[in-house]
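Okay, so we've got the same protein chain twice, two forms, each given alone as structure tokens, structure 1 and structure 2.
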Structure 1
Amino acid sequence: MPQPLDTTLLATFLTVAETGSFSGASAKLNCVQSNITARIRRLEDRLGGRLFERGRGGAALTAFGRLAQKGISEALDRLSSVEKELTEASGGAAPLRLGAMETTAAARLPRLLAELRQHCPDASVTLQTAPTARLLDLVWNRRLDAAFVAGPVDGERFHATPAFDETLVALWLGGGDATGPAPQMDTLLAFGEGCSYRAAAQAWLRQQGRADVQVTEMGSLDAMIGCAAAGMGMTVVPQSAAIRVSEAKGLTARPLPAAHGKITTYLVSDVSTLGTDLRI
């Protein structure tokens, strides 16, 4: 009988497919790139086919790799579900796979996670940050149990509990009217496509005839605020995330009009798998 597939190899394969590169998977898994390469070669040898085509743009799935991705993803999801059920049956605490927008993770979750740790010291929680669109996709495909996302949320696909009401503010270096129109800047510093705050900022700018503002994508909240403080452009973030740093960095904070700047953050889960309400 052949030996079972090593789940570490399977998880590594899915991470390379998700990040689109061996270096990206190395950073995400916190291991050297040579280990990533060795794991993928072992998996290819075991499965009998080439999983990736590597080039300057990264690592692209082959047709065989796309087929493997679907089957492996489904298999790991089933394994995770079985593990969770068995853990619950044995009286233990099943791990909670939680997702959040980076701004929510930075400004809102430390207190909540500390309270969870206090009341449930044995609780196991993993956290993944991503824009709203990506988080909803991960919840829908059962790669996350729940996630904090910016509304509105499709009630037919997700169970959604209102968590926080956020006020978006525009931040830029220097003075100017904090109650007037958008500053005359050519660059918006924002997260990638799928970020609800970016979409709100662009809708606000279009309303003021500023549709020509270029977007420079950033990978973290600290990067956006730091680059705004360096005068590289304007950024739009929740007031809860900006309140501690804007004044210290000499940034002007201007709340967006309510039509664009009032956004509710929801805790969402997949309605088809939710057994009990997730309370915060």
Structure 2
Amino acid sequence: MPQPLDTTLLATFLTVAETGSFSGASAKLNCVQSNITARIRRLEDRLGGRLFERGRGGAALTAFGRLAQKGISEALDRLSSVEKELTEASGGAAPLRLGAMETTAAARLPRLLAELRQHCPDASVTLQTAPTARLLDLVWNRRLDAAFVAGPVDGERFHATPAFDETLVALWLGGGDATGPAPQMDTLLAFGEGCSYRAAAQAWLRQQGRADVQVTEMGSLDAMIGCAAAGMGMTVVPQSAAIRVSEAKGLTARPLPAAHGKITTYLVSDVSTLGTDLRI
């Protein structure tokens, strides 16, 4: 059995055939046009024939392309109906692919998912944690059905509904004056690039004239809080995520001023994903 055809290429082909142009397909599939060109070329190489006549205002199917369209759409339909049959046979419906920021996953989702389980014991959910930017990417490319991200969210590209209002708090070990952590707290423990809380924290520090603060990147919420409790520096997290642990470990928590510290978490989904009606 040789390598089977890559279904991504086939789906791309059908989309181009539908829209009548490479750029139209790239818009529909949320990717850049050069990507479409490459995919179609790979497919043409593999099949050994030209699928589209490019030129005047778009891409028109060749005779060979028309033949291909018929067979390929049938085969893909077949494949997706098999998938549907199987996902239904296994766990009721297809699992809801949910994404969330690390902090949301820790502070908000346990209760939410427990409730969901009560109402619909059969519902299956998969959860992936990532920073906001990455989550938006994943939803945009249909690798997730929905995700909880920090606002604001581009309403043109996504369907977003407010889910939680978070207040950011700064956490550090020991005391501090009314204005914030002690000057010697010159290390900010934060997630990597793409984390919107980190961006907010840095904006706040800059406004306080503390542009010199070093950032140490950590991979998990627990690590961040643990290191803060060890006196390595301060960290900025939503209050909801801090409640669990801050006092127990002798950490001081102080809310950020509203300008930087009020952040709304939205539940976003792709505008083209219909039928998703999550009530919270």
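Bear in mind that the values here come from a model prediction, so they are computed numbers and not experimental data. Numbers follow structure 1, counted from its first residue as 1. Heads up, when I say rigid core I mean the largest set of C-alphas that superpose within 1.5 Å between the two forms.
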Seminar exercise, completed: Matching the form predicted on its own against both blocks gives structure 1
Exercise. Do you see a C-alpha shift of 2 Å or more at G49 between structures 1 and 2, with the core held fixed?
Worked result: yes
Exercise. Comparing between structures 1 and 2 on the rigid core, is the C-alpha shift at A59 2 Å or larger?
Worked result: yes
Exercise. Taking the rigid core as the reference frame, is the Cα of I72 displaced by 2 Å or more between structures 1 and 2?
Worked result: yes
Problem set entry | Inter-form CA displacement between structures 1 and 2 at R39 - rigid core frame, Å | 23.4
